[in-house]
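The data below hold one chain only, encoded as structure tokens and taken in the form predicted alone.
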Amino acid sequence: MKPIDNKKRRTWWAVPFIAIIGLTLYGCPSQQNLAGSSDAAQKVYVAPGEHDEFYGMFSGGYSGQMTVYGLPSGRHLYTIPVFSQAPVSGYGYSEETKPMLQTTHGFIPWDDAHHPEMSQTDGVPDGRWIFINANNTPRVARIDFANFQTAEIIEIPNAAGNHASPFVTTNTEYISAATRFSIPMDEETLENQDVSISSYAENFKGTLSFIKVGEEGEMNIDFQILVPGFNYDLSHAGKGPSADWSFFTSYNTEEAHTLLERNASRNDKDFIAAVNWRKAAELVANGEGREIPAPHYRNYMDHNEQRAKSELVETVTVIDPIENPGIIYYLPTPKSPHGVDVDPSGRYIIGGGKLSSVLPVHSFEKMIEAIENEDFEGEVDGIPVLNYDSVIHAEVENAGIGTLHTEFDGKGYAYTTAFISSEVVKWSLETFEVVDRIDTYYSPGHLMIPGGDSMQPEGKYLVALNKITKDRYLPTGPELFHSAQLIDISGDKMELLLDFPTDGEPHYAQGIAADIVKERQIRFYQLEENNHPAATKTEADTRVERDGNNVHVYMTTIRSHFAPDNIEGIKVGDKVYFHVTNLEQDWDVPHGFAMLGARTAELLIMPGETRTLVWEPQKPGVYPFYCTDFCSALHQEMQGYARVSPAGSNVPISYGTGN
């Protein structure tokens, strides 16, 4: 439809429970409509030995990991352990990586990863890092594209659930994060309180967090903004004229505390929170806000020593909008909005109202004008609520049922997922009319266009991340992998090219041209730069040392043997540390290390790297160890033995590697 004439605007969004009606009417699309075209296979074919055009970085959802796919082939290239222990690499099991999962709640070995977001320069993905959030225990991780490994994880205090996270500003100055669940907070300390849940409206509050990103990617929480006790759902930063702002959707403005599927759907409009992060940052830099105790961990990989370290940060700075007006405003948005997306020009803010029959498009220019004119229809806890009629630019009609997320092709079109009607809808940013739609299989949540949430979308492919897969692949019992569908958006009409299973429950994905990333790859770690305190850089330096009941084995590995490979003098009651250094200086030649009876299955050690496995033998005997990663024709021969004697025995420490 045309941009809104405010005086004539119709209130289509006020239709309640349209989603339930839609669910009944629509169901799932037919298989016939979902078959690829005859030339689709050719369009996604990447010949053996050739590379895909794009990296697709998919969140792993409840797997806690991130999966890497090539596009357009859909090849699964790699899995990056982030918030979960990973047997495939020993991440979270080895002594060097355990600190990455440290929190103020203790060691958390498994979490729920939702939204990957790439670093940007001038509003364009730059291939340096990708960030992702942990939804359950609030955290944000940074992954380095040089080695596709998790480099840092920071915990977010004063938050419960971390869904609207982590979305970057145009030059990666800040990452935003918001509490999903508001909690009862002490007025002074923001500590979680022991109060009746029925006192929700009186006691519950939320926070929006802004994490500052340093030149090397290091993260610290610069400030938090205290907000009313709604549920904060998703976010995106502004661009161009709106680059100093970040936007957050909220629902449950009713402040209900039970049966939210009904009680949080009563209001015709909820809010998008517009935050002037630059102004807030300037206030904090000038000493505004109050510093409160808020212990939280920052875990990071010390590349010099090749091991993760944890530091406990004791405080955060909190800003109260009542004391610091002008940093946050609410944009009324129908109805229970989920996604909030900013078009490449930075002029439009689109809210995905999952219970709304229209897709609202706010104008950033009108928003600023309304703020300057104090065109408010009320306020909540000191936060002005702007007049909906004054900030709305257009309402896209017939955009599907259950609209969730929107991305852009850079050619003047937007693409929105409709969860309930199982489709992707293409609409014009000029006329705000729907111009095309395509069925998906089934129920898409997020969608991704490489660069599609930046100022420079690639505009060639779209990936729909679908929640339900039944009937699409060979059955695998009651559980099926979720589905990604690759859609060609280069022409006027969208065309389904490929679908492929995805690991975990992917919530979001990011895509980037392969050429930006692949030239940055580390192929192996320089052995001379390995400053791990337990590194052993030559076989001549290998040794076994006893320190009370602790036995340290300084071991090397290279195709196709360990040094030492025979060890004696270990006793029941000892704690044995195998510090294994991979001497290889060649690409793609990791070595594994597994010990019979160890409660950690294995290590995987990259070329030039040192990793440590702890073993506490329970009974006397001779125990084999071996390499778990096939590395050469004599891989099977890459093994050794450790002898364990009874506690109190006098077998001396001895070791060796043949003659």
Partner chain sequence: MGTKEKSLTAVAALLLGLVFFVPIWTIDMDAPQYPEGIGMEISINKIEGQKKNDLLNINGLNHYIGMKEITPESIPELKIMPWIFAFLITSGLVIALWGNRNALLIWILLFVLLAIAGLVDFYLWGYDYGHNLSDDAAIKVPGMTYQPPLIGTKQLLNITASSWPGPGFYISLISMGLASYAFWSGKSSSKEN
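Residue numbers count along the first chain shown, from 1. From a predicted model like this one, the values you see are computed outputs, not experimental measurements.
Here the subject shifts to the form predicted in complex with its partner chain, a form of this protein not shown in this document.
S.K.: Could you confirm whether Glu528 comes within 4.5 Å of its partner chain in the model of the complex, counting heavy atoms only?
M.R.: The answer is yes: Glu528 has a heavy atom within 4.5 Å of its partner chain.
S.K.: Does Glu374 make contact with its partner chain in the model of the complex, using a 4.5 Å heavy atom cut-off?
M.R.: Heavy-atom contact with its partner chain at 4.5 Å: absent for Glu374.
S.K.: Considering only heavy atoms, tell me if Tyr348 and its partner chain come within 4.5 Å of each other in the model of the complex.
M.R.: No - in the model of the complex, heavy atoms of Tyr348 and its partner chain never come within 4.5 Å of each other.
S.K.: Does Asp586 reach its partner chain in the model of the complex, with heavy atoms at most 4.5 Å apart?
M.R.: So Asp586 counts as contacting its partner chain.
S.K.: Only one of Phe524, Tyr554, Phe181, Tyr388 has a non-hydrogen atom within 4.5 angstroms of its partner chain in the model of the complex; which is it?
M.R.: Contact check passes for Phe524.
S.K.: Tell me, which of Asn171, Gln193, Ser560, Ser310 has a heavy atom within 4.5 angstroms of its partner chain in the model of the complex?
M.R.: Only one option qualifies, and that one is Ser560.
S.K.: With the partner removed from view, which of 626-634, 52-60, 65-73, 598-606 is the stretch that lies within 4.5 Å of its partner chain in the model of the complex, judged by heavy atom distances?
M.R.: Looking at the partner contacts, the answer comes out as 626-634.
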